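Provided below as structure tokens are two forms of one protein chain, presented individually as structure 1 and structure 2.
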Structure 1
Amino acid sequence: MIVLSVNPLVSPDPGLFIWAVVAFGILFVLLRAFAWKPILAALTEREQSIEDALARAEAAKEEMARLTGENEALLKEARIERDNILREAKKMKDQIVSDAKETAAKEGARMIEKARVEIDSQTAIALALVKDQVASLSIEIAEKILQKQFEDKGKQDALVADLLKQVKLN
């Protein structure tokens, strides 16, 4: 205990104690008035800004999820519409090709029939011309032959007799 009574830093002095408590109280009041309020306000503001940022992030996340869902729905709808358009286009193409083939077949058949009728007509005309020429040539030949035969009176009588025999036989 000797050391305690001799050293003034270790021995409690009531005046020093009171002044230390008063200084601490003044420091506490000053810190509370000027430091803690701004520090607490800054902490509260920081906490509020973090909460707001988290709320905005959550809202953005929900919005992104909603937009992603809408995008997927729009893409699905667009794919369905594209498939429908392609199906319609294929159906129209097949119909056009079918109609074109049918029209071409009808037109070909019509042209063939027209050509056949034309050929038949031309053939009939040609046959008629050939018959006319054959008939006129036959008549000319018959005239020449008859002229030769009718020059002689005896031959004329023989021909008439021969024709009469043929008529009686028929």
Structure 2
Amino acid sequence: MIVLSVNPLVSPDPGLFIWAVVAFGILFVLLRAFAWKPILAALTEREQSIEDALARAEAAKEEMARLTGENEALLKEARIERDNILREAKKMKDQIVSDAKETAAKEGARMIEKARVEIDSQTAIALALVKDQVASLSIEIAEKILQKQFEDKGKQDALVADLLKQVKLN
């Protein structure tokens, strides 16, 4: 207590204390209402928005990874599908080709057969015709020869004699 009364430094001055209470009170009320509240709100809001943005970025990254995976799977599927289709097509082509070959062979054989038959028949007809022709020609020649042969009496007798000779021999 003696120290308090002796040293003016450690005895609070009532006037200054009153002004300090008033000034600090006003400062506190004004700053709380018009400075700290908006500042802290803005800080919280900004932090929240940054956090949100980060979370969104993370989500987008995950989504991206998911999509990429999905694409990969789709691509793989498509590739398999393509391979299948190609294989199928090849098979079908082979089938068609072999079918066609078979058909063609069959048809060819058939046609060849038909041609052969035709040729045979045509040949037969032609031969018959030729035979006829030969027969008529032979007869004609024979007729002409006979006519020529029998124009001379001597010859006819010679022939008959010859023929008779032959018959004798026989």
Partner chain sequence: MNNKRHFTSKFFRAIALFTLFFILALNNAKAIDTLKDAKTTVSDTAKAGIKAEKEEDISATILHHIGDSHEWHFWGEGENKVAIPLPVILYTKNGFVTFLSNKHDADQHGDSIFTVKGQSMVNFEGKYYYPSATKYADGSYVKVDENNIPINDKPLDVSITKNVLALFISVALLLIIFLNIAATYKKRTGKAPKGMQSALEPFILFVRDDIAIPQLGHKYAKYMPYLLTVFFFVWINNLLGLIPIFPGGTNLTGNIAITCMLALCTFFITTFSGNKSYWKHIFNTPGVPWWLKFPVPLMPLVEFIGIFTKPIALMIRLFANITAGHILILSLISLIIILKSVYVSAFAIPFVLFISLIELLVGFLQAFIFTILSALFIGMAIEEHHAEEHH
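Structure 1 provides the reference sequence; residues are numbered from 1 along it. Basically, rigid core = biggest C-alpha set you can superpose within 1.5 Å across the two forms. On a predicted model such as this, the values are computed, not experimentally measured, just so you know.
Between the two copies of this chain, it is structure 2 that is the form predicted together with the partner chain. Core-superposed comparison between the two structures: the Cα of Ser138 travels 2 Å or more. The rigid-core alignment places the CA of Ala105 less than 2 Å apart between the two structures. Positional change of Glu118 between the two structures reaches 2 Å or more at the C-alpha, relative to the superposed core. After superposition on the rigid core, the Cα atom of Gly25 is displaced by 5.6 Å between the two structures.
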